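Before any questions on binding or motion, here is one chain by itself as structure tokens, the form predicted on its own.
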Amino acid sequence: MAIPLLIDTDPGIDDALALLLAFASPEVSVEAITTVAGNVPVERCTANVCRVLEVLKLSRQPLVAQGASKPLVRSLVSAGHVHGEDGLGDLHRFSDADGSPRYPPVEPRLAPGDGPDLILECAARFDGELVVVALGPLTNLALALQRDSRRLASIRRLVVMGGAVACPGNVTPVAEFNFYVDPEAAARVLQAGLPLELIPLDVTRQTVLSRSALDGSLAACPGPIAQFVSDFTLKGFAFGADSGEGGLTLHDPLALAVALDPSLVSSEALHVAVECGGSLTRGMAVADRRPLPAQHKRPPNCRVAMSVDACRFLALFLDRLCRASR
């Protein structure tokens, strides 16, 4: 049977690609999607999830709930310069041949309660089986912990895209975006004893998609979904070119893919803490990689992906994306 999946996300160009990957993957059943403020404000994130679902025209819709509108104790830092002011590459730019908007507004259909409540509800409903993939700041997970830590502890796996362990950050020299936005939430989740698998920049930076590879894949499966992908990724490729990344870095799709197939990465059991107080090190993931006997270090609290089979991942991603576009 398909594994029940809950995706906590802040779409975001690569988040939207991760959602498409999830819905094209028979190994999992996407039961719920919760949104959190991050790449753009949470209302925009929710609209973007509903946009993806509207384009997919699924016969069975997942539950969708809007979550935290701001970090636990800080003001929101967003990334419109990366993802567009709407989070999906500024879709208002696109019109059809008759001049009508290609992407008119979509009316959100939301489940009762908020994002943390839906996470806890799904954890209880799929006791011991639920896999949670967290693609944005960890605010919703931290709030769910605060409300009912025992129920949240019943999840099977928690796959988190976040942190920079042995490489530079992408917001500051030491901090990755999701951990930087809400370091207090990341710290609480890492300290909670959950079955956590961390997918940091160390591996996601190795998964760069070229425009030519994406165009070639989409040409094999033309249609509304392929057009949607081509449109909303334009901004991401432009940012990748300006920043020297050489393409679109698939941070969130890699985390989703690891939820499908853990063998895509090689991981180490490590103790990771998150810096909350430093003025220069806010959001830094501090992993204890000292070559000391285990008894002289704090015990591991997560598994951290340190290498990735990038070629196999990219092949999987493009194959599933084409499958979603049919």
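Don't overthink the numbering: it's just position in the shown sequence, from 1. Remember, it's a predicted structure, so these values are computed and weren't measured experimentally.
This protein has a second form, the form predicted together with a small molecule, left out of what is shown; the following refers to that one.
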{"query": "Segment assignment from 173 to 181, 69 to 77, 99 to 107, 122 to 130: heavy atom within 4.5 Å of the small molecule in the predicted bound form", "finding": "173 to 181"}
{"query": "Interface membership of residue 144, the small molecule in the predicted bound form, 4.5 Å heavy atom rule", "finding": "no"}
{"query": "In the predicted bound form, residue 135 touching the small molecule (heavy atom, 4.5 Å)", "finding": "yes"}
{"query": "Partner proximity in the predicted bound form: residue 35 to the small molecule, non-hydrogen atom cutoff 4.5 Å", "finding": "no"}
{"query": "Contact test in the predicted bound form: residue 201 vs the small molecule, heavy atoms, 4.5 Å", "finding": "yes"}
